[in-house]
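Just the one chain here, laid out as C-alpha cells, in the form predicted on its own.
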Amino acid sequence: MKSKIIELLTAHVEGLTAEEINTLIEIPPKPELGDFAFPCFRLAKTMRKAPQMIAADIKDALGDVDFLEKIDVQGAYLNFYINKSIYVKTMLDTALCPGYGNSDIGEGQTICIDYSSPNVAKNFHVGHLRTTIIGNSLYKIFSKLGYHVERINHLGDWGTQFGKLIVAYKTWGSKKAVEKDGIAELMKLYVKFHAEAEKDDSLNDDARAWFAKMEQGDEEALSIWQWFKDISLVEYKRTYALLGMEFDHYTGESFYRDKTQAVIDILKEKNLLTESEGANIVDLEAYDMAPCLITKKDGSSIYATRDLAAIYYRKNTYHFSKCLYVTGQEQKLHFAQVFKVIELIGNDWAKDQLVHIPYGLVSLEGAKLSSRNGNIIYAEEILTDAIAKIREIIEQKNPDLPDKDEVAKKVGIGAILFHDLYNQRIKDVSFRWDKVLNFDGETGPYVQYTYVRCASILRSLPDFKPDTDIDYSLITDSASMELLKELVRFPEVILAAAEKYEPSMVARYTIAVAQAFNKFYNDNRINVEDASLRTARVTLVYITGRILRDALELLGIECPEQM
C-alpha cells in the first residue's frame, strides 16, 4: 500500500524522487487521521505556496484512486485512507507467506561476531551476560536476513593476570581445593593476590615473570594455565547450555599468541612502529588518540597486539563483510585504536567492516562490578533463581501444568533475557533482584503469555487451516486493523534492528504486538458461530502467535505452549 502511494505521489509531485517521498511519508499518530500521511512543508519553498494549498492541489490532481477510500487534507498534510478490505487482504497475504520476516539481503556474505568472551579463571557474572545476550540476538537477527554468521568466543585466556593467578596458586592455593571448588577457588586466590600485592609490590614482579615464562613456552607455566582454562570452560559451557546458546569458535587470546609476530613485522615494514620508554607503540596523536601499545618493555605482547592478529586471521579465514565486537562502552578507545592501526597499514575496508558495538555498564545497586574486589553476582545464580521463582508461581497458580520444569526454565530464562534486551544496549543497567524478577508490565513473561493465549485458541479449534479463504471485510474493525498494522511491521523491524545493531527494537516490537493482540482479543470474540467470521479472526490469532514466537526467538527466548 505504501509503495502504491509512493508511485502516485511520484507521478504528481515535481522535484522529489520516489526515495525522497518514501522518507517523508509518515504513519499518523491516530487511526482517524488515516493510514499514511504526506507532509508538504518541504515543497513550500520550491512551489512558493503555503503547504496547505500544496496539499489541496495534490489531492485534486490525484482524483479518485481505486485502492483508497479517500484522500483528506489536514493542515499541511495529505492523509491517505486505504480501502480497508484491500488493505487487510494485502497485509494478510503478506503475513501468511512462509518464512515471513526472512530475507536474502545477506546472501553470500559472512559476518563475524565477537561476543561473550569471559576472562578465564573468573566467574561468569552478570556483566558477562550483557555481551552474551546481545551478541546472541545479533547472531539470530543477521542469520534471519540471510547472512552466514561466525559466532566467536574470544576468551580472555592470556595475559599478566594468569601470572598473578599462578603466583597466588603456588603461594596460597592447593590442587585439592581447586579441584573441589573450581572457579570459585580460583577467584578467591585472584582476590587474595590483589589484597596482598597492595602490601607487597614484589608479587606483581613475580606475576610478570610467570607470564613471561608462559610467553616463552615454559612447560610448568603452560600446564598450570591450561588446567585453569579447562576448569573455566566447564562452567562457561554449563551457563551457555542453560541459556540455550552455542559458539562456532572458542578461539581466545592464546590462539593468536603465535600470530602476533607477523603483525609486528607488518608494522615495522610500514614504518608505523615507534619505541617509547622501551615499549613499542603506534603513534596515533594525529587522530586525537593515545598511542596503541604493541609490545611491552619485556617484549611480551598485549591484548591490542592479539586483537590485531585476530582481525587478520578472521579476514583471511572467513572473508567477512563485517566483523562485530560486542563489548562494554569502556573499550571504545581500545577498538578505535586497533581499527585505526589496521587502516593505517593500508586496509581501507577497516573503516566500514570493523564495528565496535558498545553497551552500558552493569552495576550492583549502583556499585560497579569488580572481580578484583569480589563484588559480583554469578550468571548461573541469576538464571537458576529466576527459574526457581517461576516454578513457585506455577505451583501456586497452575499446579497441574504439564512439563512444569521445562516451562519454568523457558519463562525464567526468558525474563532475564528480555529484561536486558528491552532497553537500548547503550544504557547502563543497575542490577536489582526485585527489578529483574518483576514479571509485571512490559516483560518477557507478558509476551510469552500472549503467545500461549494464541496457542490455546488454536488448540481449541483443531480444524482451522491458515490457507482457508477469508472474507477480508469481516476484520476491518479498529482493533483488528491496529493489530494487522503491527504484524506487517515485522520485516522492517528486523532490518532496522540489524542496521542499528539494536535488539531492543525487536523486544519493544513484541510488546507492541502483544498489546495490540490483547486489545483485539478483548474487543472480539474468537470462537463465534459464524464460520466466516471465526476463520477471519482465528487467522489473525495464528499470524500473531507465529510472529511472537519468531520475534522472541530472535532474542534467544523460547515460547512454552502452556503457562
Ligand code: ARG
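Start at 1 and count along the sequence shown; that's the residue number. Treat the numbers as computed from the prediction; the structure is a model and nothing was measured.
The discussion below concerns the form predicted together with ligand ARG, not included here.
- In summary, the region of this chain contacting ligand ARG in the predicted complex, judged by heavy atoms within 4.5 Å and restricted to 133-141, 319-327, 94-102, 469-477, corresponds to 319-327.
- Interface residue remark: Ser117 is counted as part of the site for ligand ARG in the predicted complex, having a heavy atom within 4.5 Å.
- Mapping the unseen interface onto this chain, Phe335 counts among the residues with a heavy atom inside 4.5 Å of ligand ARG in the predicted complex.
- Contact check for Gly182: no non-hydrogen atom falls within 4.5 Å of ligand ARG in the predicted complex.
- Though the partner is left out of this view, Tyr303 does reach within 4.5 Å of ligand ARG in the predicted complex, counting heavy atoms only.
- This chain appears without its partner; in the predicted complex, the one residue of Ser456, Gln331, Thr384, Ser85 with a heavy atom within 4.5 Å of ligand ARG is Gln331.
- Among the residues Lys164, His154, His419, Lys410, the one placing a heavy atom within 4.5 Å of ligand ARG in the predicted complex is His154.
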